[in-house]
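Quick setup: one chain, the form predicted on its own, written in structure tokens, and binding and motion questions come after.
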Amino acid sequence: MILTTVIGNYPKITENASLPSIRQAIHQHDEGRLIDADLEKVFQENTVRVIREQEALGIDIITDGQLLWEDIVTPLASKIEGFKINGLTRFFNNNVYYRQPVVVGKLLWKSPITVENFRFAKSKATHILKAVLPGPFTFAALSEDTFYHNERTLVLTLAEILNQEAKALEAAGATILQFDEPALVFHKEKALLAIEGLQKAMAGLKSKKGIRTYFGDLEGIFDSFLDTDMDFIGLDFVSSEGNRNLLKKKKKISKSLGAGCVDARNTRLENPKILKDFIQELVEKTPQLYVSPNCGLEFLPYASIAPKLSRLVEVVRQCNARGGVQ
């Protein structure tokens, strides 16, 4: 059966006036006008909202929305010994910014960072809740290294830390662990280093595990990932033609495929026939197909999310009704 999912994050701004604003709460907390417990309450109330919205729309595999994640790396880096958080830097090719982590000493994982929030979200979810972490290569690429002065050392050190965090999430009940590696599409020449880091980050995990890439394609390096022990590979079929081209050359792949085929950076709704035809083409090539937006939903206005996800769910239901079972 074809399953629907999302990449990870939701917009922090909602049109639900009955709930307190996350951004306002964070601002008040930063100014010392809101205590930790009250910020946590705002986060939890909005997390439940995001979970309920995804489930009501029919998304099969959901996330907690990553509502307190300022970006893909800062929430982890701020809790890992050896990092300090620097000023704002542009996030890939988007008009958004993140606070760049700087490695100033030996990096050490001291205790679980995301587990408490995951455990809360899981207690509220009725659908499968996946855990999302940055991949070690992307984590390194988005950081400034003033300590190790060696890219491979940094990637593998972060991989070991992420492996500890992933095992803690698994112990808390995570059955799907997704590692986001958007930096990989911009540095294909470093694919082997990225794979080495991912293998280390995934070592010993019993859950389904894999990667999601977005903002580009894996054309030219995709086959290298088929030789790993990860369970799924997530591709962006919106940002470029590269991933479509590489799949056209293959009759069947051995891994489950994550297909980002709804544009999460454009409010225009997808043509249902074009979307359905493409999904039906992909389902013949993989043991399991997971269909989703091509990247996180933070780039969309809140009002556009439900129509986008509803269109995705409806098309997938039609595909499954036509026999999209492997």
Partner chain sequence: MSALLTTSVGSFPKPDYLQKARNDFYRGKLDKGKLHELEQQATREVIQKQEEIGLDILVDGEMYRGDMATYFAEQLEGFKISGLVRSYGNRYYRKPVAVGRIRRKTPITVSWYTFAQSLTQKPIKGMLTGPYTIMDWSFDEYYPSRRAFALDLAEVIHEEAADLEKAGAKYIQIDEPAVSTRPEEIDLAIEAMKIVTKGLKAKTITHICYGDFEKIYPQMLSLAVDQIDLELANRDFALLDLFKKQPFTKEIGLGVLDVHRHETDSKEKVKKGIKKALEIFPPERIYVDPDCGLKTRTPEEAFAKLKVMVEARNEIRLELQGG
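The structure displayed is predicted, hence computed values, not measured ones. Residue numbers count along the first chain shown, from 1.
Just so it is clear, the following notes concern the form predicted together with its partner chain, a form of the same protein that is not shown.
Candidate site formed by M1, I61 and P287: none of these residues places a non-hydrogen atom within 4.5 angstroms of its partner chain in the model of the complex. For the options N93, N245, T126, S111, the residue carrying a heavy atom within 4.5 angstroms of its partner chain in the model of the complex is N93. Heavy atoms within 4.5 Å of its partner chain in the model of the complex are found in exactly one of 64-72, 274-282, 48-56, 254-262, that being 64-72. Interface membership of L88, defined by any non-hydrogen atom within 4.5 Å of its partner chain in the model of the complex, is confirmed. Residue contact check for H27: one or more of its heavy atoms lie within 4.5 Å of its partner chain in the model of the complex. The closest non-hydrogen atom of K12 lies within 4.5 Å of its partner chain in the model of the complex. Heavy atoms of E298 reach within 4.5 Å of its partner chain in the model of the complex, making it an interface residue. In the model of the complex, its partner chain lies within 4.5 angstroms of at least one heavy atom of each of the following residues of 257-286: R265, N266, T267, R268, in sequence order.
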